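Subsequent text provides structure tokens for two forms of one protein chain, presented individually as structure 1 and structure 2.
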Structure 1
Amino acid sequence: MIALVDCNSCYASCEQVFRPDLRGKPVIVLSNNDGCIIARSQQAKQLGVPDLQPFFKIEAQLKRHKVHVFSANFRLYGDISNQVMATLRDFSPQVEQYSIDEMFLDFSGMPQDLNDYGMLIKDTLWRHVRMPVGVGIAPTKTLAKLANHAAKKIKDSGVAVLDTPEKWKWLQKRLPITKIWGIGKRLGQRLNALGIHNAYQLAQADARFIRKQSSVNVERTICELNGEPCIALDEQPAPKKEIFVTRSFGQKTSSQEELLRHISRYAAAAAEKLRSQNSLCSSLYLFAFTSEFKPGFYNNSLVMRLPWPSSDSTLIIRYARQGMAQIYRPGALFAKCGIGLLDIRDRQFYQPDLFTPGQDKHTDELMGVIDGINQRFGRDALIFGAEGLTGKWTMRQQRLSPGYTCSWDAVPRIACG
């Protein structure tokens, strides 16, 4: 059997971990730059706060309902997610972290009552981390996802076990196919056209026929819906094949200098991510555009090849600036730019050849020192001159909660009084 444990309204719940006064209250979290609503607590959902809605449109309404609003604090969420995942690892020898707030656990060979075990997991996560979760348990990953859905939507307990065909068939008949793991909106429409509307109909469909109509993945999904495991637990998450850092500017700009500062900053962040997964990249994808909604829309992109596979921030920033300088057009009011690191390879398999110099040892040492300092004193303790020193380019994060887990200055203060 496989369990899927999923944090309820993860980001909103993270904001409540160190704020007991906010538990049971409507809380929402905004995306980068305070643009959109990306998380809503249960109470916010009940108030009818819509998901992914531009914040400015409903700001007044939210204020009236006394909704607590936060800018996304991803470092805090990352730390709390790590605590959740570490706690979950105690419950199974084989796990797969599927996303920041979801983990699959292998329960094969576990003799206990699985419903009780699920309850124990849920209670422990609340007690140890103050994270509310739902637990779905079933023979396959796809069914575990459905069970998790049921745990949240149907049962109050937050734990659902689909251990017999009767149980999963009952649920499947009530679920539209787009609720199935791996079936997106477009594929859903194609299947609808074939007369398949709910999960049960898909489970009963002829796998080979469906395969001809769509893809082998759907065939696997059908097997999984019938309780036959086809998708194994992937214990080691693959390193990212592409790393993108992109952001809308807090303030639009037509200055080349400012655009280059933005891209330098994103390049530095991307290079740091690259080093943290111990990889090298050999190409950069650079892009920038103006606001789509304004006349004179301009967008452009290009790919820069690095002289050798690298994770060196100085080199990546230099090439990113060269590329962005070509994209820049005088007069255009840029709203967004970004960098993608492409052709990423694992460092340990990289073979330098005789004729290209490659990344030298000093560079590695220097980058190690920079990453060490930034880990220790906070991101941005040490930055590259190209990233600029004015505050204009930083994200709009007017409602950021303190980094309760990220800096000594911000750990909670507790009254002994």
Structure 2
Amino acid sequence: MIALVDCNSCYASCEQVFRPDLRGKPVIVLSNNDGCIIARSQQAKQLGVPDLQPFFKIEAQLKRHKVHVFSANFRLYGDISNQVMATLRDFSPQVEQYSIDEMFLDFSGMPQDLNDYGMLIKDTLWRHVRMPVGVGIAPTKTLAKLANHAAKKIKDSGVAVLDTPEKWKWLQKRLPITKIWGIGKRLGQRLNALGIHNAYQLAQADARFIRKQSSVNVERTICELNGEPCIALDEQPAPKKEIFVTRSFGQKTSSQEELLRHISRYAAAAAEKLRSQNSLCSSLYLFAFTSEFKPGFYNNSLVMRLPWPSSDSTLIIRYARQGMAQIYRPGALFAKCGIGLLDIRDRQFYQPDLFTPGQDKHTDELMGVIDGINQRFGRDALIFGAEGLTGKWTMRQQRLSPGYTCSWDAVPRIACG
């Protein structure tokens, strides 16, 4: 049996962890630069607050309903997610972290009553982290996804166990095709054209015929819907083959220096991600553009080749700045830029060229010290001078909550007496 544990309205719930006064109240979280709504508490959903809606369009409506609005605080969300995942690892020897708020757990061979065990997981996460979750348990990952949906939408307890064909068939008949894991809107329309409109109809379809009409992934989904495991737990996710860091600016800029600060910051963040998976990259993809809704739209990009495969932030920043200086156009009001690390390879298996210098051990030691300090004392404890200290290049986060878990100044204080 497989369990899927999924945090309820993860980002909104994270904002409520250190603000018990907000529990049971409508809360929303905005995207970078306070652009669109990306998370809503259950109470906000009940008010009809739409997802992915530009904030400025419904700001008056949110004020009228006294909705609490927060800027995205991804450092806080990441720390709370790590606490949730660390807690879940105590409940199974085999797990797969599927996303920042979801984890699969293998319950094979466990003698406990699965419903009780699911309740124990749910209660433990609330007691230890104050994170509400739904727990879905079933024979396959796809059915566990459906069970998790039932745990959140149908079962008051927040735990659903689909351990017999009767149970999962009952649920499948009530769920549209697009509620199935891996079936998006476009694929759903193609299946609708074949007369398949709900999960049960797909489960009963001829798997070989559907494979010819779509792909082998849908054939596997059909097997999974019938209780036959076809998708194994991925305990060691493969390293990323490309790493991108892009942002829209909090305030548009025509300054070359500000544009270079932007790309330096993104390059440093990308290099840190590269080192976290013990990889090297050989090429950089750089781009920048102005607002397409303004006259004189300008968009440009280029690829920079590094002198050798590297994870050195200083080298990556230097080449990123050189490339962005070529992209820059005087007078253009830039709205967004970004960097992509390409041609990524596993450092463990990299063989250096005999005639080409490579990254030396002193660089590795320096990067290790920087990463270690930032992990211990919080991101940006150490930064590169090219990133700048302050300025208009920083993101607009007018409703940012304190970094309760990642800043000494924001550690909650308790008054006694």
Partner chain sequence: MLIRLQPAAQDLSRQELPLYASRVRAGFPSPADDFIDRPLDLNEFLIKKPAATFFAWAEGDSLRDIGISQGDLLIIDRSAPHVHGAIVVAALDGELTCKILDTRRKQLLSANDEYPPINVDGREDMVIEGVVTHSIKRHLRQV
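When a residue number appears, read it as a position in the sequence of structure 1, where counting begins at 1. Keep in mind it's a predicted model, so treat the numbers as computed, not measured. Only the largest set of C-alpha atoms that superpose within 1.5 Å between the two forms is called the rigid core.
- Only structure 2 comes from the form predicted on its own.
- Core-superposed comparison between structures 1 and 2: the Cα of Glu59 travels less than 2 Å.
- Fitting the two forms on the rigid core leaves the C-alpha of Phe209 displaced by under 2 angstroms between structures 1 and 2.
- In a rigid-core overlay of the protein, Arg321 has its C-alpha displaced by at least 2 Å between structures 1 and 2.
- For Glu257, the displacement of the CA atom between structures 1 and 2, after superposition on the rigid core, amounts to 3.2 Å.
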